[in-house]
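The form predicted on its own is given below as one chain in structure tokens.
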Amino acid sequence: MKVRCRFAPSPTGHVHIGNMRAAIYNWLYARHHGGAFLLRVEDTDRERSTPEAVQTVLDAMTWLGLDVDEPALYQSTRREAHLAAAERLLQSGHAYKLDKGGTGKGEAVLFRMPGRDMSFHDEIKGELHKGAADLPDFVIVRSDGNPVFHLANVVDDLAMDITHVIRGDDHVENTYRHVALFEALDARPPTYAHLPMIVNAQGKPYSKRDGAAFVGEFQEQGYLAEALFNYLVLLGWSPGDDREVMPRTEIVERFSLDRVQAKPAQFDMKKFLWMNNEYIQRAPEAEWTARFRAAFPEATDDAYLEHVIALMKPRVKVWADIAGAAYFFRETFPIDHDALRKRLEPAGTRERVAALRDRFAALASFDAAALEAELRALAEAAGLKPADLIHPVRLAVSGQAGGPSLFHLLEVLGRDVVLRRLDRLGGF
């Protein structure tokens, strides 16, 4: 039997990381077994499933490298097949019509549950059971004639020859209904695997309130697709050792459902930021250059840009952090005015910085070692700590309270720029 998995999103304009993790697990399982990974767009909600919402799903999949093996199936095109299945169930006695709620608006079609205890094997959770009393009949076609999710889901899984359904554990209750529908349609149910919920530090479902929660947000904020892919894989699955940063080819090779945990998985933003940094530091130099040039078109001096990248690279955790290097390329850049005022408060600070400026101007060689020696000598002569000068100088030339080594930063900026910005300190 050839493995056939599917990702079946309902487009709403955003793609939650929980949904995308389900897509990734389906993709991995299919690739590991040499099977097929398919896409079914469950777009029957015409108000929410706009072309733009569908494109958001497709863009997220493309960004994360989740290629599909067959043309996407759009559920909205399958209405007649869904209604035909409902009619078949009516004819076989597995369904019946009812004016549900006594509204007089039309007859809904309800599926008749078997009236017995039910169970199914979950590849992650093991054997799951539910009593007959907790499995009531349910609507499969609304009184307005529109098929319900449960019927469409099962009929389309049959049409697509799906062998494995890997989805979130919020679908466990639905699966009892779906297994009964498969049986009523004389079909063998697929193998089911329900993934643990992604939660926050408090153990509650991870949402927008906890930070970036949608794939598009991570992309916009400059995170790497491979880092997000790798991290989402580890939210529930483990390779069996302490390795965390893994190439995709190895993840495919080692992926299996028996190593997926059943308990909820916590999304730790700090841990993800660490992983993204691991990936970003390994990016080829050509990409670093391209990213900086895209952020700063005025960066035309190759040698200068190379020095800036060398200084900034360790401080870039996400691509968006590149924006913090504006002071290397522009005279207008963000300034932390609160920090600057604080560092200029001690009496005599402006005068000492001005004296340091003159010492810098007289240096024969404007390099990090000479700059540091001058600053430390002046601090010692004034009975100060070096930090008492380092902080106001850093703020004067970069506008920031933190950053790369000050003396290397000054060397890269160059004598003219540094002196001009130290002169400007008097205006603050």
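Predicted model only: the values in this text are computed from it and were never measured. Counting begins at 1, following the sequence as shown. Between two forms, the rigid core is defined as the largest C-alpha subset superposing within 1.5 Å.
The same protein also exists as the form predicted together with the RNA; that form is not shown, yet it is the one meant from here on.
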Looking at 32-40, 65-73, 384-392, 50-58, which lies within 4.5 angstroms of the RNA in the predicted bound form, counting heavy atoms? 384-392
Wondering, does residue 329 line up within 4.5 Å of the RNA in the predicted bound form on heavy atoms? no
The RNA contact in the predicted bound form: residue 236, any heavy atom under 4.5 Å: yes
Residue 309, heavy atom within 4.5 angstroms of the RNA in the predicted bound form: no
Does at least one non-hydrogen atom of residue 404 fall within 4.5 angstroms of the RNA in the predicted bound form? yes
Could you work out which of 214, 296, 274, 333 is the residue within 4.5 angstroms of the RNA in the predicted bound form, going by heavy atoms? 274
The single option of 148, 356, 184, 340 touching the RNA in the predicted bound form, heavy atom within 4.5 Å: 148
Contacts with the RNA in the predicted bound form - residues in 153-188 whose heavy atoms fall within 4.5 Å: 169, 170, 171, 173, 174
My question is whether residue 343 is one of the residues whose C-alpha shifts by 2 Å or more between this form and the one not shown, given a fit on the rigid core. yes
Threshold 2 Å Cα movement between this form and the one not shown at residue 400, rigid core reference: yes
